Structures are given as structure tokens and as C-alpha cells.
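Next comes just one chain, in C-alpha cells: the form predicted on its own.
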């Protein structure tokens, strides 16, 4: 339902608008210089102090000299159905205020549109068609997020090309010290400021939580945040190209939404669908081909010290005149070969795993060592030891889908040239899902992973994939901003420090206790859970790595790190060692009709229950940080009067993420909606529960 509340044309005066439940109140105005400003109160107390709004371009500045020429307000309350996700229905309920601004210059018309939800705020800039100049070379965005105290921050360094950092728990005043260890790695740090990434989380002294991010990033660079550590403020920092230009715009144009998810209950941050609500509805008319799935992969054995490589040969095609792969000497360490892939297909078929990803199947990996010159993969040319027609037919016979891998070595320009032939090749060979990758410095050389050009590239790939009915799991791409609602074939992204880092020194247990509050608010992550062997070496370097997890915790991650394209990451032989624990991975769904966040505190613990979209079964996942705790699992969400059998996969007594990670046990107990389970979690541990209706 949409209800028009008012429309007016005024010349001065602040305007207030509140959320539907009245908890949030937004104030907008123009200051003495004619600069638009906003502030936000939560439950009667100022949360965001007055902050400036505006855009700066080479041609003109949409920053000051404005007067208010009109205000429109509207209340919207509607419900939509995701193709997949945490809920089968999502309520989109907000009050909207459009602030129309005009300067004396006829080429400076601007609208700032605000939407106030019960769980937060979204706002964006809208540049209508101007009287004369409708092209802008954008240099900066004035947007400020000013706070009222030295709040706690959960953040990673601002970087133009990677999101793969561990999270810091710090404050405004202590941020420079917290980021000091990362300074040499971060492009944004070289600009001279203290810059952090979005999404990030903030916690006030009176325990109000604020997630800051953006929604519907399209045709625009990603946003970082420059932090004023003395005054507890932040300002938008747009990722530029290497010429220093943030964006080239043609009007009319709408920027992405700037988002603040707000609550004094940490569980509400996890449950919020605000970012999705600010994206456009699904644009794919027929979604019957979009199938949430679990998959395995010829992948992990290249990470874990097994002397395996992605490349077929140790020779390089970059040598003059070498173009025929059949003449290269195979290195004998290439696992993307027919017999090995066949073993994965057999294992997946036996255990009901939907798909098998194969990395290193295609020509071009030899050029990796000389990628600064060429960096060109062939996306329709299998290696000589990968019999694609045979494996295609064998996988189909076994009821398993092969998943294509397109590593581009960050040569995005070349990938665009090959997209049609690559996707046509996929469809001709019964592939309907692809994992893309952009490891390295972006080509075109003037771009970054999160600059405007790469944002446009990512959108182009998704749209082209939709034309061919192909699902996408993208790695090293611009971090997600809810566009999976508009293009539900974009099932997952990496865009953070994932599970692969367990082989590179390990992720601390707290890492997956903060990601759902931050990175996952933009969309699902291909974190790659399911690791059973937690001690390994990386890339044959002989360095032991200890994963920051118990085995039972890995099962819980399928609930706390939800994704409709979820990996079963470990080697088949490691699952054969623990078949009873592996049963949970076989049983757990990847698509849900409802979710209940039962306990949560960022960087500390999460407990969540989810209902299978295709049955009456519920599943519960609980994880903790480096400290053991007892989770209280209130089962009042179960239907009253009905009995369920709970199969509990838990840390065994004495389990510990570092000293005893594989100690687990499985027990069963009858429960109903009146039951509260007291579930012990080991240090760095977790528990996963299947609730089957009796």
C-alpha cells in the first residue's frame, strides 16, 4: 500500500520525518551557507549529529547555495517475495521524504531522497536533467556521518582493491593505532587519511548498534569512509580511478543509497532486510532456472600443501612461439584432470551434493607467472587432461552439475570480450553456474577493483549471465550492496577474508562472529565452510596453519553464514573420516522460509534458527569467539503442541579450537516449543542442531 501524505513548496525551515514506529526521527534542513544537512535521533536521543550532504564535480559543486523548493513525503507498506534467502516474504515499510533543492545557477538542481524504516535510514542523491550541462566529472561526495561520542567501531582498512582483512574492534580515538599494521597494504591509507571500508559496525556506550553501508551500487564507485578520529565523524570517500576521477556521470542520475541500520538489539542488525529493500525488484521474469545449491570443488587441494597446482604445465606460453598446449610437458600435479574430477562427481552423487566446481580446467594458467604481460585465460579451451565431453555426460548421468570457473587474473577487459563465447560454451556443455575471479591488478590499468568501471563490469557480467540463464558466484568483485534482489542469479560473492585463509595462518574464531554484522549485510558470502581437517600447510611452504574453529563450529557456519550457493569445502577423504558429522552437511538446506536470531553480540557470539523452505524442519546454529560460553536456545518459535526430534552436533567435553578441534559428539533429544536448551560451546566452537518434526 502506498499513501501520499503531503506535497509542498517552501523556501525555508527544517523538516522532520519519523519511522513508522516512531523510534527514529530524521531532521533535514539547509544551513546558513545553503548546504543541505541532516541528523538522526533514536528513541528520543541524538544518534547522528548534523552532517553535510552534497556532491563535488569539476564542472560544478552541488554543495552550497541551495534553497528548498519543495518537499514530498509518502508512506509505503508492501511485501515482496525473494527468489531465495533467509525469509520467504520481506516487509518493505518506510516513510519517505524527498528534499528538492535549487541554486541560483540553473544547472544546480538536486533532490536528496530519504527513506526512514523502523530499522534504519537510507538516502541518495538524485540529479535531474539540468538546463544546460548534463555531464559531470565527479571528484568527491560530501556525505558525512557525524556521531556524538567516542563509539566502538568494528572495521577493516579502506582499500581500493581488496576486502581480505581481519576485523579490528576499536574506537574512534584508537583507530589509527588499530589500522597501523595494515597501513602499508591499503591504497586508501596512502591518500593520507584514516580510511575504513563499508559495511562497518558502530556501537554506542548505551548499546545502540549502527551498520553503515550502501545499497544498489550501480554506475558509481564504491564508498569508503574517511574517519575524523578527534570529532567522531566520518565522510564518504569514493574510490577513484588512477586519474583521480571518482565517476563520469550523465544526468539524470541516481546515486546508490547510503544506509544506516539502527537498533539497540544486536539481533535486529542481523535480521534487517533494509539493504535489500532499497534495491529494485527482481528484473528476471522467469526464475525457475535459479537453483540454490551445495557444491564441492577441485580447489582445496591446491591450498593445503598437497603439491598440486592450477596449471597443467610448469612451462610458460609467454615464451615466443609457444601456443600449442598439447606440446607442453604436463607437470603431473594438475588435479583438474578427468580421473580426479570423476572421483569428486562420484562422491557428490553418493552424498546428494548438487554440484562440483573445477578450478584449473582451462588453458591459460601457465601465463600466471608472466601475467604482467599477458594475463589471458581461454574460457572455452580445456586442458588436454580434462575430457570435458566425457565429464559433462558422466556428471549428468550421476545427477551432478559441473560448475565452471572463470579466473581472469583481473583482466576484466579481456573477459568482457570473451563473455558471449564463454557463456555459450557453458550452456553447450550443460553448465549453468560459474565462479568468477579477479586476482591481481585490474586491466584496464587505470582502474581499481571497486572503481566505477569495475562496478559497471560486474553489473554487465550479471546481466549477460542472466541472458544465458547462468548463476554467478563472484570473487574479488566490488562488495555486494543488495543487487542480488534485482538479479537473483547473483547467488554469492566473496568480497571478504574467506575460509581459504584458514590455510594461510588461520582466521580467529571471532572472525565469523563479526562478518554477519558487517560484510553479510550487503549479501551472501561464499565463505566456504565445512572444513573438517583444521591443521594444514599452505602452498607447499611447509608452514603449519591452524584453523580458528572446531569441527562442530564448521557445521554451525551453514546457519550463521547463510548462502544460497554454499560450498562443502574440504577434501572427500576428510569427510569419509567423519561420516556421522558429515551427515549434517548433507541434511542442512541452503534456502529458508523463516529465520529467528536468538542471541547475538558482534565479535562474540551468534545463535540463529532457520526453517527449511521445503519442509517443516528447523535448523539451529550457534558459534562463539575464543571464549567458551553456554548458548540459551529458546525453542518457542516451534509450532505449539508439536513434537520435534533434535539431533545435536556439538563440541565434546575438552574440545578447543586450537588444542582439540576435532572432538565432537552427536546426541538426540525430544523437544517442543516450551523447551530451552542450554548448549555448551567450546572455545572457538559451535553447535548445529537439526529439528525434525516427529
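Positions refer to the first chain, counted from 1. Note that the coordinates shown come from a computational prediction; the quantities given were computed from them, not determined experimentally.
Omitted from view is the form predicted in complex with a small molecule, to which the following refers.
**Student:** Counting only non-hydrogen atoms and a 4.5 angstroms cut-off, does residue 159 reach the small molecule in the predicted bound form?
**Tutor:** Taking the distances in the predicted bound form, the answer for residue 159 is no, it never comes within 4.5 Å of the small molecule.
**Student:** Heavy atom to heavy atom, is residue 303 within 4.5 Å of the small molecule in the predicted bound form?
**Tutor:** Close contact exists here: in the predicted bound form, residue 303 approaches the small molecule to within 4.5 Å, heavy atoms only.
**Student:** Residue-level question: is residue 334 within 4.5 Å of the small molecule in the predicted bound form, judged on heavy atoms?
**Tutor:** Answer no; every heavy atom of residue 334 is more than 4.5 Å from the small molecule in the predicted bound form.
**Student:** Considering only heavy atoms, tell me if residue 103 and the small molecule come within 4.5 Å of each other in the predicted bound form.
**Tutor:** No, residue 103 sits far enough from the small molecule in the predicted bound form that none of its heavy atoms falls within 4.5 Å.
**Student:** Please pick out the stretch from 446-454, 282-290, 401-409, 462-470 that is in contact with the small molecule in the predicted bound form, where contact means heavy atoms within 4.5 Å.
**Tutor:** Residues of 401-409 come within 4.5 Å of the partner.
**Student:** Could you spot which one of 596, 139, 475, 604 gets a heavy atom to within 4.5 Å of the small molecule in the predicted bound form?
**Tutor:** Exactly one residue meets the criterion: 475.
**Student:** Within 4.5 Å of the small molecule in the predicted bound form, heavy atoms considered, which of 109, 308, 435, 258?
**Tutor:** It is 435 that has a heavy atom within 4.5 Å of the partner.
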